[in-house]
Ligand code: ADP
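Coming up is one lone chain in structure tokens, specifically the form predicted alone.
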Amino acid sequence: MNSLSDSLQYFKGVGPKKIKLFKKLGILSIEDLFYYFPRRYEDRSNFVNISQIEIGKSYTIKGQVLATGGRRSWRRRGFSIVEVAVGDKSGRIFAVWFNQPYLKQYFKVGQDIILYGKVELYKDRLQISNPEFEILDNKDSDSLSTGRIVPIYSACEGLTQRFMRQLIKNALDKYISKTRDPLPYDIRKRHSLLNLAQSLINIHFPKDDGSKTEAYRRLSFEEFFLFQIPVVLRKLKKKEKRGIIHKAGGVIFSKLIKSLPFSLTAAQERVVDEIKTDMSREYPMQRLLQGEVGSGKTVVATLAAVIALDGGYQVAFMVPTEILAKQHFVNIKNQLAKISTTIETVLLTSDIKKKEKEGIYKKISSGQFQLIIGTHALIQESLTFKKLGLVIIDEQHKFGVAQRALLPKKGNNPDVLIMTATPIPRTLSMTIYGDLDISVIDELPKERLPIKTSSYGRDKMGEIYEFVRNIARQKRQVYFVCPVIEEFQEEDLKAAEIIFKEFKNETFKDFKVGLVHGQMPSDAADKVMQDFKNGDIDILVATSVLEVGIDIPNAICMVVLQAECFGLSQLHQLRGRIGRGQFESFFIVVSEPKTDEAKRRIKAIEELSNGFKIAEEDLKIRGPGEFFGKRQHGLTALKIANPLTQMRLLKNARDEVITLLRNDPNLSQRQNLQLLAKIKTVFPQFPRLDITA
């Protein structure tokens, strides 16, 4: 019997060669093919005449190949150009492709062709550079490719648009009756949603804009709905677990509050009260703490730790880098030493020698060490705790979901506090992190001065260097940040080293210059950072290793080179590394943005200072998948839904999930069986979803 799980390889027209191409697209089964949605559509029911097009706009043009040609660029050795002249009754336009010589064999004079791209004026002629194209022939008479709204797919070489359309059409004709709708009928009826079969047909081959819109709405709802099930289930199951009832406001807690050299902000006080309430309850705290860089999250986390320590419990504090772990260790240990002689704090990182580490492990398992601050070393299988009462995870986005889940499992339902300096718009975070209670520190300490942000082109480097010299002469310190892109890591690190040598020997030869990057041995990087903190280095050349956690009040200027290579939130994180002292601070971005997206990022970092507004703009620019990172949660897997533009739909889906799971947490009722089958393919661990995942 045919089913949607059938391998695509054995479907007519595919075979062993083409299935390799489909695997690159993540398509293995018929169902995968159905859910491989078009990335855009072209209305080919009425093409625009060439004579009517305007420069600077994108068009879909149908014409005939009038001439073809190819040449080598005289400017760049080995660089080829393929050129095709295309005409219709009203005029002609030229299409050019750069460095794709194999395309020349595709075009023949007299062919009917469709081009899509942005029209520009080049040497007094209309031209489209690197357009998408499709060659038409008699096989297109079935009207899948012309005379209608036509789907355009993300494909790879060897899979043409026409082939993709015909294959999906054939698969729909044969298998659409096998689809089983995972959304219960009453939910579909309440929200006026199409059934699954009609939605899949309409999303691939819409008859008009209305049918396309309805299919998009239905399939988006389904994605949101499925994603929310494990999130809501964890929230509901949390109250089934018996946690630790901590006694908030003990002796050490009170002493720590009194010993602080500053007053907590109103936002910090509010969040501390929320944490105290959580930790006093009988079920485990699961709280996400959002706050800008420098908003005082670490102080709040330390107060939470002391609540657990007051009751004789251990606390594990996990951070993503050794530099940050050591900074937290020194600062928190010094704070606690002033108020208690009984709390023993230890640092646990991967660079500690084996014998010393074994000794630390023994003292942790015996309970001698109560506060353990470290990196991934905290989740090693051989490490056990005697009485783990609180887990704190800083910069949670730097860890994978599975990694975050390991540490709480080392205790008996300990409280969990997750911190992030990446602000997320509140309405969105309440849905994404729906299994967590959310606290927000939405104000900076009063003593923090605003940071002056400026953007310059590379032609202004001379002026920037002179500005930096003036700062260094005043005995203040400066960061120069260089980008490191994963695929160009070696070249980028070499570039940073070249800049360092140039600064040291020429540009800033009268000052002390240092270098730190992520590939240095940790002890060498720590030495450089300590020298910088001690004032032994005036100007520090660094990579984005600075993005997390360094706190040096005397550093009042940061210059980010090639700022177009950084994400918007990343730039904001870097900016938070300065402005920590009593002096005015300066954040300078140097860039030559080429794309519209890069220009928007540079404009936003210059104009916006509020982290939540930065986050909203970053989400708009990048979209949710890129914003949250590949290893995070379901939003990265959304194929069609967009929480930024469909917030109401997302909220409706979440509300339906809450109602459904309260009434039928195991999805065992008859009307939910199709949903259960779907959920088991998406989340194989259902219904035993771990609350900490």
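So that there is no doubt, residue numbering starts at 1 and follows the sequence shown. No experiment lies behind these values; they were computed from the predicted model shown.
The following text describes the form predicted in complex with the named molecule, which does not appear among the structures shown.
Contact check for Ser295: a non-hydrogen atom falls within 4.5 Å of the named molecule in the predicted complex. Val299 belongs to the set of residues with a heavy atom inside 4.5 Å of the named molecule in the predicted complex. In the predicted complex, Asp442 stays away from the named molecule, with no heavy atom inside 4.5 Å. Residue contact check for His517: none of its heavy atoms lie within 4.5 Å of the named molecule in the predicted complex. This chain lacks the partner; the member of Val272, Leu264, Ala85, Ile168 within 4.5 angstroms of the named molecule in the predicted complex by a non-hydrogen atom is Leu264.
Taking a 4.5 Å heavy atom cutoff to the named molecule in the predicted complex, the contact residue among Glu322, Asp492, Glu617, Asp551 is Asp551. Only one of 213-221, 256-264, 408-416, 129-137 places residue heavy atoms within 4.5 angstroms of the named molecule in the predicted complex, namely 256-264.
Contacts to the named molecule in the predicted complex (heavy atom within 4.5 Å) from stretch 439-454: Pro445, Glu447, Arg448.
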